[in-house]
Ligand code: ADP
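Take a look at this single chain in structure tokens; it is the form predicted alone.
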Amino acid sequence: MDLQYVPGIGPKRAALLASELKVTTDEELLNYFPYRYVDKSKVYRICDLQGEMPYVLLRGRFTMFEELGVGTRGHRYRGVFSDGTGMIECLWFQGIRFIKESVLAHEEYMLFGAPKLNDYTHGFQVSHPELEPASKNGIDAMQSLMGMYNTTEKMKKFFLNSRAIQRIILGYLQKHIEPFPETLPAYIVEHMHLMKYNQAIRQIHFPANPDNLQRAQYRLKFEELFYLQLYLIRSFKMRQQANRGFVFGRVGEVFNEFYFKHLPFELTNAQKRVIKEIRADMGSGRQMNRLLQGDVGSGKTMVALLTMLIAIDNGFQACLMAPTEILATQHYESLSAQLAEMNVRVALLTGSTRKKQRDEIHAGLLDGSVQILIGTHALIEPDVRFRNLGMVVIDEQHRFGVEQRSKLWVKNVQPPHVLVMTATPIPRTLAMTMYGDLDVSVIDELPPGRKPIQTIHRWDQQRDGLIAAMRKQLEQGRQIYVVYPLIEENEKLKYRDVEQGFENMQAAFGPEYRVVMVHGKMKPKDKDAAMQRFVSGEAHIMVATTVIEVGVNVPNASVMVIESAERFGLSQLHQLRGRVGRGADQSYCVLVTGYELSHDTRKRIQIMCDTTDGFEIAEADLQLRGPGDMEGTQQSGMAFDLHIASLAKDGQILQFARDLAKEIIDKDPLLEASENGILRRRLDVLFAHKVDWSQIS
């Protein structure tokens, strides 16, 4: 049903709910769940109120009303509410006419709100309290657990606050006497001991007691995660059956020559395991879509190179797409150096490649003489055509939209094998959801000889000691990164900015040591020139923003100083720390903060100091910050929004849901069995408006 026909909504409110909450139908309204619940079973006395308190329920009467500041910005309506034990001031800044007409003095009301202590009167006041006549019976007035709904400022201006949404949903449920149809097969409801859907959808909005609320939440969380996993696993199975892959049946001369003559170091066991997994995929006749996770410095690029050499041995070309010119150039230089003594042609294609070089590369791709092409999103342009592309590697894949990546898919008559790499460790629950239709390989081991980076927390006031420690490292011939969160000073945010930092570093270390600056607002050629001076060792200190999070590889850099570290998330801090520790020397990461830190920030800093395990850090980051925006092709192509489940908190439910979904698809891949008809129909409804990106990594 269109939302405007739900009693209490109408066309104007429907348009507002659509624009503010993306709620357009009665089903979507029912799936707009409370974000928390307030216990209304206890009625407080005003004399018992103290300090800052959460929401409380009071019973009493208004003894007086007055309108103040008419015609000014301070226009408000004031009422004094009393329960015989004390008085509390009530204030309304909006909807004053409605309150004046509907709320009467000396009538008894149930008042619900968050009392705050007034610094001037030393009494309590509450803004925009919720009011119900005390004589009114039923769930609306005295419900023990009341759901609180997220609303926006714009909605509140049109009287669509949490209470209004609750009333609309209550009215809808009371009129909808018929039970809502079940959305899961009976065998799943019984096997998982789930509350029936009709009861769950009513109890989630108006729980009779905490036990019913818990059971309703479990049922709806399980269903949401189950259908997501069922969709991902079915997509994976269908793609496997539908898409034949190029068969890379042999490991030949090119691979063997590199592996036995030019490999710069012994592969770790983790790298060997991952290469075996990739080889099995590429020789199976199925098209490979594999996610390769590995911490910074774990050797993912070497795995990618060996994979591309297998493609060459089987008569195919390979390409590697990176998110920035700096990173693409770095890959090109690294791979060219490693393949220098071999007869393998590697080319680099970016936005700044000159026309003459571009024409030569295009010709080489068509005649097959360019065997490995490295580049940025320039690779996906229509005029870039290959003779026989068989292997695609995408680095830092989360920085490319799914739609962008899909354009590499059509560069051959048959889809090439795809290996996507990320140095951002992905928590298990997030991987199961965002990449549930990909095979996943993990490099969970660093190359031998790498010393763990020591992470230290320093306060702003300890800067003199920090400068002395940095000087000691410079005297030993090392290089240093200093990272700032902002480009220029912001008065509201008292964080140190990169331009001021550059001047400070020059004052502290110049002219003996050379300092360069890099940030996103610089011209690309100036930025690249500064980076090149640091990479070559000509510059000793690089002052930068997070532009260096992905890209620069300087084994001689042994210190990473992160100013205003409280401004960064855990994963970002970990990525920045990964810029050092690439050589054999002991490396350090120094997190510099002010004294005023929130509880979560202190926890983040402590985690960074305690561990260098990227997966442990990613799990902690998910717990602290939540999964963030995972909807839409720009982020991950994830199938739909999560309305009630949390990837940070509901990992066990997700695992149950995935195991059951896998069991069902293994037995009935197309969901053709009669008992699974409800699953097939429900998937069609849930995913009808989504672009199917399941064919693309």
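Since this is a predicted model, take the numbers as computed values, not measurements. Start at 1 with the first residue shown and count on from there.
Heads up, the form predicted together with this ligand isn't pictured, but that's what we're talking about next.
Only one segment in the set 233-241, 261-269, 410-418, 174-182 has any non-hydrogen atom within 4.5 angstroms of this ligand in the predicted complex, and it is 261-269. Among the residues 345, 450, 463, 279, the one placing a heavy atom within 4.5 Å of this ligand in the predicted complex is 450. A single residue from the set 245, 147, 297, 79 has any heavy atom within 4.5 angstroms of this ligand in the predicted complex; that residue is 297. At the 4.5 Å threshold, heavy atoms of residue 553 reach this ligand in the predicted complex. Although the partner is absent from this view, residue 582 contacts this ligand in the predicted complex, with a non-hydrogen atom inside 4.5 angstroms. Residue 301 belongs to the set of residues with a heavy atom inside 4.5 Å of this ligand in the predicted complex.
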